[in-house]
Every structure is written in structure tokens, then in C-alpha cells.
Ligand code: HEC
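Given next, in C-alpha cells, is a single chain: the form predicted on its own.
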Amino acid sequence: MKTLHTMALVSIASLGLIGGAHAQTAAKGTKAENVAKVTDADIRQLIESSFTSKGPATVEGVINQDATQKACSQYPDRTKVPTPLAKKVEAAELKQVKYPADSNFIGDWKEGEKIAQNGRGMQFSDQVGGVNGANCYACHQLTKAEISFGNIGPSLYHYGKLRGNSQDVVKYTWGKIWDSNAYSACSNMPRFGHKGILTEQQIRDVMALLLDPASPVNQ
């Protein structure tokens, strides 16, 4: 999550919106504070004139940041987020986690595996209101059989086998999927529930994939 300044700096420089010494400074790749004269209004205008909303991918989705996104955008390296800010972000996001009203946390792991494998959703070519995937394997190992997976996030293989299924583990796992920032400020992991990427039932199914003893994750 980068600031609007960082996202559009190169584009602005190339279009001549940064004048004089600031254009030369940007071209040399110095820090963003050296182009402080570029305002958010300038960048908003650039984005609005350069992009067109199509399907689920909207200009508003790029421009409008919530408080957490604005805070985290200041720190591209999430490991360098100051502790006071990290605690503030986590406390605020934890309050926004919505747990199942019926206390039914676990769904069908077979459906959860489909969701983990599905990387589609929220792109301009997708249908508005269509079903999204979680693309879990892009960042995590989950099963022994799947040999193609990313390592941005930790391995989740044997997740439930190692942690059990106590109430604390179940609530933590749900909260982490719903809003990753509730437990790790400025996490690279999407806020699947908070941002409406996954439905409550989809989260139940991913929960089953992680915690059900019969799931391939726990074999």
C-alpha cells in the first residue's frame, strides 16, 4: 500500500507536472519528500485522467484510502512500522472484525481448497458482484500435494494439526482472515472480510481447509 505520491511520482514527472528542479530531482530518483510541492490534488487529477473505471476495478478504489491504508502507506517496508502506530492500527482493526452471529466458524474444506486455488476476482474483466477467490497459494504453502506456491507468507501446512482447534485458535484464525491488520499491522495479506473480498461462507470454508482434521492441509 503506497501513498498516492509514490504511486504516481514517475507518471507526474514524465508528464511534466513537476516543474524545474523538482523534475530533475525526481528523475534522479531521490526521496519523495524532495517533490513535496506535488499535492494530493495533483495526483488525484492525474489518476482520474489516466484511468477508467471498469467492472470491479474503479478509480475510487485506487484513490480512496481508509485510515489504515493511509497510515501504512507511509511505510512500504512493513517491518519498519513504528511500534506505537502498529499497536494503534491493530487495535482499530481488531474492533472491526465481525465474527459469525451463529458461532458457526467451520465450513467445507473441499470448497475452501477451491477458494485457495482461485486467483480470480475484482479485476476489470470480472463481473461486478461475481465470486472472488482468495489465491492463498500465491503466498502460502498449504498442502503437501501442491508444489506451486509462494513464500511471502508463512507455510500453513499442518496449520490445524500443530495448533489444534481451541476457541482461541478458531477466533484468531477467523480474525486473521477477516482483517489481517488486526494481528499484524500493515500486513501484506488482504483484509478478506473487512474489504468484502470473501463472503462469510467463503471464510468458513477456508477455515475448514486450515482446521478440519480431514483437510489435506492437516495430513
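A residue's number is simply how far along the shown sequence it sits, counting from 1. These figures come from a predicted structure and were not determined experimentally.
There is also a form predicted in complex with heme C (HEC); it is not shown, and the following applies to it.
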Check 114, 171 and 193: does every one of them have a heavy atom within 4.5 Å of heme C (HEC) in the predicted complex?
no
Is residue 139 near heme C (HEC)? Define near as a heavy atom within 4.5 Å, in the predicted complex.
yes
May I ask you to check whether residue 206 falls inside a 4.5 Å heavy atom distance of heme C (HEC) in the predicted complex?
yes
Test of understanding: in the predicted complex, would residue 41 fall inside 4.5 Å of heme C (HEC) by heavy atoms?
no
Just checking whether residue 143 would be counted as a contact of heme C (HEC) in the predicted complex - the rule being heavy atoms within 4.5 angstroms.
no
Answer option from 188, 64, 52, 167, heavy atom within 4.5 Å of heme C (HEC) in the predicted complex
188
Looking at heme C (HEC) in the predicted complex, which residues in 138 to 158 have at least one heavy atom within 4.5 Å of it?
139, 140, 152, 153, 154, 156
